[in-house]
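Here we start with a single chain on its own, the form predicted alone, put down as structure tokens.
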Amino acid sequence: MDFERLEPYEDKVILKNVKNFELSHIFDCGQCFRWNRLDNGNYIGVAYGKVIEVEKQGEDVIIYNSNEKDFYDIWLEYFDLNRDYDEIKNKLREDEILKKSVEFGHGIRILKQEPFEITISFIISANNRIPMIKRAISRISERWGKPLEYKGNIYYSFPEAEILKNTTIEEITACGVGFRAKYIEDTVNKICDSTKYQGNFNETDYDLRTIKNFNDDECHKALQKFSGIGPKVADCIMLFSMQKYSAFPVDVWVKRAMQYFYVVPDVSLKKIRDFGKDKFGELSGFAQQYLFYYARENNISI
């Protein structure tokens, strides 16, 4: 584990001597859209039907609005705290070019997020800006999610697929998703149609639990059968919710970083992805996050 011990309290838990855990690195590295920075530097977010606030004090991490049971049931895995990130970083630092990015984003951890929410979120993300993405996801949650109270404020969980299936494309469009509404409608219908009643499911091409268990290449192909999901969005879903760490999403910042450090400027996105996967192997997703964060925060251009 990347922490020494847990101190549980009634309404919070404290993780002592946590390694490789910086709030801005984790929540601002492009992998999530439900987290927001507060004026005091803490971050507040919603995941798995819970709202929590996270604070860093020295080497300790405090998770408010939580308890020992929730930590071991949800947050231990969500924050990937069973993984030794020092081992990952030491391997990636063997690449002298990547070493600078690893050291810059030393506190990044890849979150283990809920696949349906991440699938819809990254469909919304295509050719979109982060403030617009977050606003659209927030509106969808406020309209169809469950209310969650914390410190006198109301937050909302992300709605389940069955709830969104009963909406209209006009209602989805009104949440600010633009042309992506038709993709969301089609994806939700396919996911729901792949699921039987009483919680059982058919092993179809559109059941996310089945797709998650595919090998990495099959998973990447299966996700692209959904409307609005191309190679980059499929890689994001794989990496941020399906624990497929060979995924290498290539967005504008990763493209710039790869062209700046590794390849010539006219290389295609597919060749950049293939180069990254070949170079970094099973650690490609971790390398991608360090490169993305370094490139964006330093405004790398070519």
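Quick caveat, the model's predicted, so the values are computed rather than measured. When you see a residue number, it is the position in the sequence shown, counting from 1.
Only in words, not in the display: the form predicted together with a small molecule, which the text now covers.
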Is Phe21 close to the small molecule in the model of the complex, meaning a heavy atom pair under 4.5 Å apart or at it? no
Exercise: Trp75 in contact with the small molecule in the model of the complex, heavy atom 4.5 Å: no
State yes or no: in the model of the complex, is some non-hydrogen atom of Ser241 no more than 4.5 angstroms from a non-hydrogen atom of the small molecule? no
Partner contact for Asn128 in the model of the complex: the small molecule, 4.5 angstroms, heavy atom: yes
Which residue, Leu92, Ile163, Leu148, Ile133, has a heavy atom that falls within 4.5 Å of the small molecule in the model of the complex? Ile133
TL;DR on 135 to 143, 213 to 221, 95 to 103, 120 to 128: the one with heavy atoms within 4.5 Å of the small molecule in the model of the complex is 120 to 128
